[in-house]
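For this one, two forms of the same chain are given in structure tokens, first as structure 1 and then as structure 2.
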Structure 1
């Protein structure tokens, strides 16, 4: 009897399986593409993460045991590192968000040219290596920094930027642009008529902002907070430079790998880094209900009510302070690049720019970032297309993997790559290819996301029409879908390129003689206290990234005009 039931169930499962399979193979071209994408995602995102998890239990090393977790809990410094990292994450997030909101209000609700300048300025830190501000901070606020002396004299204290607060300040600068961008776009997308309505009903502007605008933008604000929190938690380069004697998870994990080759303990730290990212990621992906304020109807021509004097004053004040701070930090980097030794010997020089290895690494970085951006956006879009338009099995799972790749701390991914690709059968250490793959699969989620959202906007009737008129699926894809997807491709490409140029946390484990990258080189210079050359390299990199982006924008605009 039981046997019989089982066979029936078994039969129906196998029947269903056959059906799915048959449908899957009905378009072999797409089926093969889906299999390739799935295999790549598993190999370059899931396996490295699995390797970290297994290694934290000693598997692949000495053999299964809990001893490394025991050590983690007993060794007070590791546990303290966890607390410090979480603490920095919370404080940085709170500060970044409470600056971003007034800044975004000021920019979106005033029309002065100053606000446009502020907007441009606010995005600048994105194109610099994230840790470069630590150097400027040390110059200004170090134990004998230019500003420190005044603070000490004024307050009679021994002020030191090294440690927890130094990391916070550096992170606020580095992560502000991301949070700001997200909050700005959600504030912008609110239908102005809602605010008008609130005003017409007699609410003051402050009340309107707190009761209407901010609640409508709350999803965006929440998402921005979560992202900044994860980034701050996983940041490893600022703690390395300005963390002083305070320990943090990601930088400790890095030192454990490079200094002591203690991969097990590094893996444990990695697991503690992944857990919060995973929670945040799951929460953000599956629990936040998008109240998407898609009541947008900007064609109505209404614009937001300009801010009143008082609120404008407050937001202007905060924005100005932040903009000034960013500007000063940038000026410090530029000055540092052009003088002998900033703060000590301020004679002009171009010496720091004559650095043959630096130029070589910059060209490697360009090549690697270009190919990574190309691969990430092509594969991301392909996956997006398969997810939205084709009936492939396990697509939710694959989407999850690709997006999670974005959320995983770079340090953890780097350790995973060391574990997997440093031996047979996949010996890729020391190749440019490994660097490209690492960056590609950390960013593939961007192309995927923009692809999916774009495809949802494109009505399937266009494709159906094409099919009805006798076009083969591939033809439809090429002639109808791809042209429509090109903006999504561009945005994925630009974002990946830019972030790849400045990212260090995972590739630092993978560079080798001849395949060093500019960002890791700058970190190395900073560690060797070669401030002048670190600044010079950063200036070159900032310039290159800005030029590349300008070129891409130009191409994009030209293409759009053509379509």
Structure 2
């Protein structure tokens, strides 16, 4: 009887497998495309991560061993780096969220021109390299900073911005836009009638905010907290520039690779970086998603209850301080680019811009970012179409892999690429192609998510009508689906282009003297205390990103495609 049951189950599985396989190959063009996308995701996301994990156990080097994990636990410097990274992540997250909530309340609950200006200022850090605030802090508060001497004279102490708190301040400024945007979006999505009902029932505005608005926005706040924590924990460039003698996991991993060629210990540090990223990614993907659908009402988007004078005053004060802080940081970089030595010799000069190497690296950055944005958008949309519209095996797993590429710390991915592509059969290290591929597959999840969201909004009846009229699947895709997906393509392209231009943590392991990028060049200049040239290159890069965004926005408006 048991044998008969097992035979029936086996036949059923075999039948389902044959049916799935037959459906998969019913459209050979899409089947081949799915196989290519799956192979690329495995090669450029999964294999590098697997290589880091295996190398941390010595596999691929001297053989399987736990000695590198033992070294990690026995050497206080490594363990201290872990504690410092966690500490800076917790403190940065707490400060960023504490500022983002009142900032978002002020922008979403007031209609003044000032609130629109503050919103624009809050997003400005996104067009700059992630370490630009470390550069600004060094100009202001470094050993020979503009205000350092005044602080030393005033308080009679030897003030230094280098170290744990310098990293925290730089990260707060750098990661604030991400948290702010997520919290602002959540606050704007709340059904205003709930706040109005609370006020009508006699609750004060403070009580309404703490009992109604913030609980309804809690999903966005929680997501923002988790993302900022992971980004701060895995931050590479700010600790390298302004961390001083304080050790952090990401920057120590980089120094182990470049300074000591100790790939095994760098891989161990990479594993400790990737564990929190994996936990946060799984938590966001499989837990928070379910909560989110219950917190937003379909009638959201109408006007919210305006702030009363007292709360508006508090939120205005916090928002003004933050906006001024961001503005001052950018002004310092601009001034640093146009004077000899800021704070020491303030004579106007354009010498910092006459750096032929810098212009060459900017040109390389533009080429790499353009092709990475193009590839990430096209492949992301293709994977999104295959996921939503076609019956391909393991599509949820492939979606997971693509999205996880976004969550992996750049340092870990960089080490993984060195392990995989620095020898036969795929010796690509130091080539422009590897830089493009690295940025493409780190950002492919953006195009995928944009494509999936847009495809869910497109009624399948149009594609069915096209098929009924005799059009082949590829013709329907080209003539019906792709034009409707153009806004998703543009959003994926713009985001990938912007982030690729200022990306550092992963590509710094892959650049060579002939293929250096502007962001890594600026990082090296800042590390060598060449503040003037670093500021000049930063100004050029920010201007290019802003011009590119303006051009893309113009194209979008001309084509009437909403990003």
Partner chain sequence: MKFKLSGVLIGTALTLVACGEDDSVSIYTHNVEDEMQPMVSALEEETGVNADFLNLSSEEGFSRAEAEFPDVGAEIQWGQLHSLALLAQEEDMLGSYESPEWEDVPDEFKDPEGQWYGWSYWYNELAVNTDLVEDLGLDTPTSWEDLTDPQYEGEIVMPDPSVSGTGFLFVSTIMQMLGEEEAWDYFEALDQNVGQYVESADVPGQMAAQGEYAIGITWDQAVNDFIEEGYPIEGVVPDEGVGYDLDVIWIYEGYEEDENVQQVVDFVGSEAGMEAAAEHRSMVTKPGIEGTAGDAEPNLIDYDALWAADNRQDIQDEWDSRFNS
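Superpose the two forms; the largest set of C-alphas matching within 1.5 Å is the rigid core. Positions refer to the first chain, counted from 1. Remember, predicted model here, so these are calculated numbers, not experimental data.
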Original post:
With each form of the chain shown alone, which structure should be assigned as the form predicted alone?
Top reply: 2
Subject >> Post core alignment: residue 146 C-alpha displaced by 2 Å or more between the two structures >> reply: yes
